[in-house]
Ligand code: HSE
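Take a look at this single chain in structure tokens; it is the form predicted alone.
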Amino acid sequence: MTSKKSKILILGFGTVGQGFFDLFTRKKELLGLQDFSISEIVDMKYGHITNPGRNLVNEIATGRTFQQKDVISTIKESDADIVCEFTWLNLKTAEPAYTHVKTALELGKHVITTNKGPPALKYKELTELARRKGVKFLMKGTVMAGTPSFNLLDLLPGAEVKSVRGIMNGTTNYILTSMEEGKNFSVALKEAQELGYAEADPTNDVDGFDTASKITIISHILGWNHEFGSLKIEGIRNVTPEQAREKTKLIAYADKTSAYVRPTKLARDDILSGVSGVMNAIEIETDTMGKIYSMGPGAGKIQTAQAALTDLVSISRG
């Protein structure tokens, strides 16, 4: 449980951090979060911001910056009891986000993250630390942004999950959709980069690592504990336009005994075969409900911020 008056420290004020700040500011009263406030923000570019005003995003857009302060020192010295970790992704070591999360948890602070690195690579350690400290370590934004995914299971008490399958990367799905129209991989990738769907270095997306991190996180949440480093991962670089027209999608899959990411030809009547563009979709097979599906945006400023807000509401309810 948080104290009656809860303070939030945001680490990283890029796209997701600004999206969360905006969404929280607009929705806090509607959600009954009047006793929650964003007390501090620390960012490599903008500096250390205390007691930010409602117009902060507009202020920094004009070029305003603040005094720099070390992130770890900020976490240790802050009286915030909730830390939102929105810094950059590192799927090799999970740093610096891993140290940020660990430091906050050790100090007895709740942590919300949209960064896939710490839960994908250090899940057991960090969730055990949170348990020992009596705080929450929440990560909805790491999988399909605000679109319901593994949190659907909160609505199905007692349901046993048999398998999880899905399209969990919008960039690759957009590229494959473009290839259905006859474009080759390089042309479709360049188009995705021009539209802002793919990074200048698209490795994490097109080689399947981003998708693999998400199915790893789901696996850990479900207790299957497949490790990121042991997953069989194949990206989409070798998919042809002909295969794309035959409904080849980059599919993530996990059950108790196996987990993988690879291009997979889907049947025309498979629900996932109709997922196009940058959309994500997940199929969860359970013993009580059979297969259930969720589809929606898997990334985006407000969409990812929605996930963090979902986690904040969970903390507010104890």
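Position 1 is the first residue in the sequence shown; the rest follow in order. Quick caveat: nothing in here was measured; it's all calculated off a predicted structure.
Missing here is the form predicted together with the named molecule; even so, the following discussion is about that form.
Participant: In the model of the complex, which of the listed residues (A198, V161, V71, L231) lies with a heavy atom within 4.5 Å of the named molecule?
Facilitator: Partner contact (heavy atom, 4.5 Å) among the options: A198.
Participant: Just to be sure I understand the contacts: of G235, G146, G170, G117, which is the one whose heavy atoms reach within 4.5 angstroms of the named molecule in the model of the complex?
Facilitator: Partner contact (heavy atom, 4.5 Å) among the options: G170.
Participant: I'd like to know whether D205 contacts the named molecule in the model of the complex, with contact meaning heavy atoms within 4.5 angstroms.
Facilitator: Contact check for D205: yes, within 4.5 Å of the named molecule in the model of the complex.
Participant: If you check in the model of the complex, is H100 within 4.5 Å of the named molecule, heavy atoms only?
Facilitator: No.
Participant: Heavy atoms within 4.5 Å of the named molecule in the model of the complex: does G17 have any?
Facilitator: No, G17 sits far enough from the named molecule in the model of the complex that none of its heavy atoms falls within 4.5 Å.
Participant: Taking any heavy atom pair closer than or equal to 4.5 Å as contact, tell me whether D210 reaches the named molecule in the model of the complex.
Facilitator: Taking the distances in the model of the complex, the answer for D210 is yes, it comes within 4.5 Å of the named molecule.
Participant: Just one of 291 to 299, 21 to 29, 305 to 313, 6 to 14 has heavy atoms within 4.5 Å of the named molecule in the model of the complex; which?
Facilitator: That would be stretch 291 to 299.
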